[in-house]
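Shown next as structure tokens: one chain only, the form predicted alone.
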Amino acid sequence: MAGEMRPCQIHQPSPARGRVLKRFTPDVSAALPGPDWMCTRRAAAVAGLGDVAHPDVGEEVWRYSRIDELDLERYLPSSQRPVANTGVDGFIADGAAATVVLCDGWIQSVYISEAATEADVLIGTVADLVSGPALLGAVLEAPVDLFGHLNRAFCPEPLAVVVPDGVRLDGPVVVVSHVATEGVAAFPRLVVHCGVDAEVAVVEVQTSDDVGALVAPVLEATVGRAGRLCHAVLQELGQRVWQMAHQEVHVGQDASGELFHAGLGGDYARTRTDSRLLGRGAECRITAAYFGDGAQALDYRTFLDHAAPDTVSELLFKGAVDDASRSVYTGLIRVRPEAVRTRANQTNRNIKLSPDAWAESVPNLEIETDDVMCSHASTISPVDADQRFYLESRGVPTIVAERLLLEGFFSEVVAAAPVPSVGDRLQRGLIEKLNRHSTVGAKGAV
């Protein structure tokens, strides 16, 4: 990573016609470092914020959310590199090809293995790359919502992972994204390019201190012909953090994109995933596990666009909600007229562990051609009473029986983790949640 770049020159936009964000100003954006082309893009984004519609629960894409509770004026974008936080919980996978640590959206450290360096894998700030202007925004020409616009205007150092054609990395690229500052609005951005016949696994670990903060990460990923990208997120944010994440993934001919998500933390944590299958034979698999307790809200929106023949998608989301927590899953699979012989399956399973918990599941299909095989399914229910009774009838205490069934419920997702250490860490997180649930249940049974 190169040294600090000069601050951008201040660009004063014309008066905004829309709602004014008092703390998200041109001065804050202009204080961020970068080359001229990046400064120009940030300035254009911040100048247009007044014309960007703010999310509303009346919109279908924000239905069931808690967006009406968010007060953006509580947060301030980070305009200076934070002091390195030695308390960052580094996730080190065995044989990692690279490890990057971000704090409040700023790159703190980059380690690249000798094997990855010899293979000409590029990992670092987009600003340092000759191809930076073409990479940034290559798959996301226009942000999908206000938080995408804010990311474009206030992301200090977009991180790039570029794997050349034909290169297959044995170990994962690990990106630890930490939030450390009270009241900060952090905007990390990750740009991944997996070349033709290339293969890479990228693991994002999202953590925070016990702070009240807003984080709006963006992922842009492209998978070239016959390439293979595995991308996993371990979301372990603190209980006072709001997250508004967006993932945009484009998959080429005969290529595959495997996405994995583990949602355990946050006050309100939302992830929107847009995946486009653009070439014949492209495949996408999205697997997720989430477990809410307390007053948490975990919100997932998926948009799968089959835009070529012989494409395949498999979506499996499994979640549990306890106490007064909430979960939302809404998904749309769209099959375009040219996408004949598509195979697409969408499944969402939810378990309610408390009468005060709430889950919403809305899978959708939009099919514009024939000769396809598509399905969707969703369930929301308590722990299966017959299965629990079967265990109880053989002497297993009720609390233990319920815990065993919950572990079995999530085992399919844990086993699907693309990197073993990701599955291990998800398993530990689920056990911590189950321990709390079992302890409360045991007290209630006394």
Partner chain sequence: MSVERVLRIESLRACAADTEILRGIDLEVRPGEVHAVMGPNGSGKSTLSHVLMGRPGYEVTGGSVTLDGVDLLGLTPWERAQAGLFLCLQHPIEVPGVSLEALLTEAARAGGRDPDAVREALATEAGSLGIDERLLDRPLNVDLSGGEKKRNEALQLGVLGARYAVLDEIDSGLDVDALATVSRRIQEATDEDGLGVLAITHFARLLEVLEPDRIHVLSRGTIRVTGGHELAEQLEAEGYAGVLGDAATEESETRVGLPHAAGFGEDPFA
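Remember, predicted model here, so these are calculated numbers, not experimental data. Residue numbers count along the first chain shown, from 1.
In what follows, reference is made to the form predicted in complex with the partner chain, a form of this protein that is not presented.
For the chain shown alone, residue 395 is a contact residue for the partner chain in the predicted bound form, at least one non-hydrogen atom being within 4.5 angstroms. The partner chain is not drawn, but in the predicted bound form it has a heavy atom within 4.5 Å of residue 387. Taking non-hydrogen atoms only, residue 380 never approaches the partner chain to within 4.5 angstroms in the predicted bound form. In the predicted bound form, none of the heavy atoms of residue 58 sits within 4.5 Å of a heavy atom of the partner chain. Out of the listed residues 414, 70, 404, 47, 404 is the one that sits within 4.5 Å of the partner chain in the predicted bound form by at least one heavy atom.
Segments offered: 24-32, 39-47, 59-67, 395-403. Contacting the partner chain in the predicted bound form at heavy atom distances within 4.5 Å is 395-403.
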